[in-house]
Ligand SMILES: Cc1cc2nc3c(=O)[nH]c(=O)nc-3n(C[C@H](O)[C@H](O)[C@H](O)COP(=O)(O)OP(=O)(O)OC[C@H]3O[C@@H](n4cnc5c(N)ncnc54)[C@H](O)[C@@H]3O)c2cc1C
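Take a look at this single chain, the form predicted alone, given in structure tokens.
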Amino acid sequence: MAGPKTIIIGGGIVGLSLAWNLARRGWTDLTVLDRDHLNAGASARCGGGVRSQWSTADNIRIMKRSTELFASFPADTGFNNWFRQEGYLFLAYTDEQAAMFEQNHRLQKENGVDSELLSPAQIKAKAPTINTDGVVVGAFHQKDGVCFPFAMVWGYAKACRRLGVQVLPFHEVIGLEVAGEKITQVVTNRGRFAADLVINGAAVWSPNIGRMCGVELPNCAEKHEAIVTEPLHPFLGACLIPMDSGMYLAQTMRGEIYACVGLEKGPATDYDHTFAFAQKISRLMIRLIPRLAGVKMLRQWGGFYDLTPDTNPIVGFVDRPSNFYQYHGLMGHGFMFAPALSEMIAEHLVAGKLHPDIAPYGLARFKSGGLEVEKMIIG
């Protein structure tokens, strides 16, 4: 099956993983456009975390599958992503947070994720360097982990090109031409591309793409920043998420400590970083792991979470233009969701099989109030 002439806007893990899945299913006329070099955007600005601990059943199931795909990525693509499954450890500091952990734990068990709840003493035994003062309970899943985000983008791009996909960085989309009910041309700063199907996978810039053909999207950008420290002898193991701050903290294979936390909502205009963040994250890191006092900060950068009003993705066709497919609104966690979501979306586009876990994600849901809000948005 040759498939339609398909243009995917966005060359991060979302667009590239979808192109790869479509190409594997026989589609041959695929082009991925990105306005910058590969790994310039959100995919390379995340921590590379991969977890199945969520608060809604669909997200748990999707991420259970995504975790399997991260593990099989080297065999599937021939490219090493350095995926390490040393677990995610969430820390609850209030009775309300503890009750949420217990509810999440039951739901995760029901959906095939073997997470566990830990007492403060068990937490201390698993991660002896962390400060457990005020911790009520922990939630841990051994199969959660972290990989090198750049490698996922490079690996998907290489695998796409091997299958004949055009991957074109430095092609900024500046217009969509519509004739009747369909987009016919995608206009870039370096030329025009005829299209039978256009997929909007541009993350926080997706609303800008939508407006080019009269589609209004409810996504908004939330500014986040991250830092990485000098390398230390590996000691941490699990990725840590103290729920009193929502910080994400992990140690890389080389020993650096990576940490991030949200700051403010605002327009996605630049990736500037701030001294206010450096102050905030330093205090949070030292409070959680006192031995980090005095450790040197190597680098700091900014990025954006792509949030929707109900914290769930937007996936599917819009009414008009009828060949305009949406794939964005991934909460800042698109990196970890993309492998499984792209597999499901490819099945929808190629075989017409709409997976029940993504069926509710259409844009029209916002007219009726949206979906259950995901409570485990962190970082």
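Position 1 is the first residue in the sequence shown; the rest follow in order. The model shown is predicted, which means the values in this text are computed figures rather than measured ones.
The same protein also exists as the form predicted together with this ligand; that form is not shown, yet it is the one meant from here on.
Contact with this ligand in the model of the complex, judged as any non-hydrogen atom within 4.5 angstroms, is confined among 335 to 343, 307 to 315, 349 to 357, 23 to 31 to 335 to 343. Within this chain, L18 is remote from the site of this ligand in the model of the complex, having no heavy atom within 4.5 Å. Using a 4.5 angstroms limit between non-hydrogen atoms, P321 is distant from this ligand in the model of the complex. Looking at L69, you'd find every heavy atom of it more than 4.5 angstroms from this ligand in the model of the complex. Heavy atoms of Y93 never reach within 4.5 Å of this ligand in the model of the complex, leaving it off the interface.
Residues G47, V173 and Y258 are all found to lie within 4.5 Å of this ligand in the model of the complex, as judged by heavy atom distances.
Only one of A221, A226, V135, A157 comes within 4.5 Å of this ligand in the model of the complex through a heavy atom, and that residue is A226. Contact annotation for 27 to 46: residues with any non-hydrogen atom within 4.5 angstroms of this ligand in the model of the complex are L33, D34, R35, D36, G41, A42, S43, R45, C46, listed in sequence order.
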